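Given as structure tokens, the chain that follows is alone and in the form predicted alone.
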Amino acid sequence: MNSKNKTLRIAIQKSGRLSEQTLELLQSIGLKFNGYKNRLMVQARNFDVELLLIRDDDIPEYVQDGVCELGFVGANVTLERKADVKVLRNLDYGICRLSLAVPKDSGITKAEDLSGKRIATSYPNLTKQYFEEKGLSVDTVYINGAVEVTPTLGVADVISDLVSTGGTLKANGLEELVSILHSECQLIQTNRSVSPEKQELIDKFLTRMEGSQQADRSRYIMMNAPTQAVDKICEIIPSLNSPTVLPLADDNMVAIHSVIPIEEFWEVMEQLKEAGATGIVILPIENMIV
């Protein structure tokens, strides 16, 4: 049993929309693997971690039961399975939504119009919960895949399915009515007790994860500015820490370096230029520890 050794076991999707991005994330925080394709279990070469590559539907249960200490899985799966796990963090990929969709010519304009209708879905628990909270009675039809064709086949009146871009809905003559749930990939942890050795590995793993996520959200910014403009520019820059100010050959000019949240850079760029900043350079950050 995994609990008898020190190896940290992590469940990830064997194949599908989350698999590739999760493996890229693990590699970005320094984990190295050999030949993980077509294998169920893969040991990291440089970290005491073992990956278990399984169906995403099975991940919450494996983590809940302590077979794996951690798991990468969509929030929609964990909530549908009603798994007793701890959500450690959202990962900002695999973003989608569970939505109700109806045929374009159905005349249905709101959720209340669906009372008594047949709803095909791969997520019966979440769908039932939504309608129960609204006090509406519907008939859910469980479908494992190809949910979008069920109205055409007469299996159901409407569907409840995952939507990313909406292209599949349009291709099948459907339109989104209402979103039930926002979902993205999450890192989950078992609520079962773990050994001190494994908890130490989990803490190290989370530190690396935080560094990677912080780097994705941040950029390194450099600029030149007149000496008299330094105070104003430092007020404008939404930096994580105080900017670094370096002298230049011209005594009247300095270089200012800082790390800023990427989403805020474009909001302050014009302000920086107006304050006298020139030669503004913004660079990606591979990883960072704060």
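Numbering starts at 1 and follows the sequence shown. As the structure is a computational prediction, the values presented were derived from the model and not from experiment.
Not on display, but discussed next: the form predicted in complex with ligand PRT.
Proximity of residue 278 to ligand PRT in the predicted bound form falls outside the 4.5 Å heavy atom cutoff. Contact annotation for residue 148: at least one heavy atom lies within 4.5 Å of ligand PRT in the predicted bound form.
Although the partner is absent from this view, residue 48 stays clear of ligand PRT in the predicted bound form, with no non-hydrogen atom inside 4.5 angstroms. Under a 4.5 angstroms non-hydrogen atom cutoff, ligand PRT in the predicted bound form lacks residue 264 among its neighbouring residues. Annotated contact segment (heavy atom within 4.5 Å of ligand PRT in the predicted bound form): 166-174, selected among 112-120, 189-197, 166-174, 205-213. A single residue from the set 138, 91, 162, 141 has any heavy atom within 4.5 angstroms of ligand PRT in the predicted bound form; that residue is 162. Interface residue among 55, 232, 257, 39 relative to ligand PRT in the predicted bound form, by the heavy atom within 4.5 Å criterion: 55. Shown here without ligand PRT, the chain has 13, 15, 16, 17, 18 in 7-29 lying with a heavy atom within 4.5 Å of that partner in the predicted bound form.
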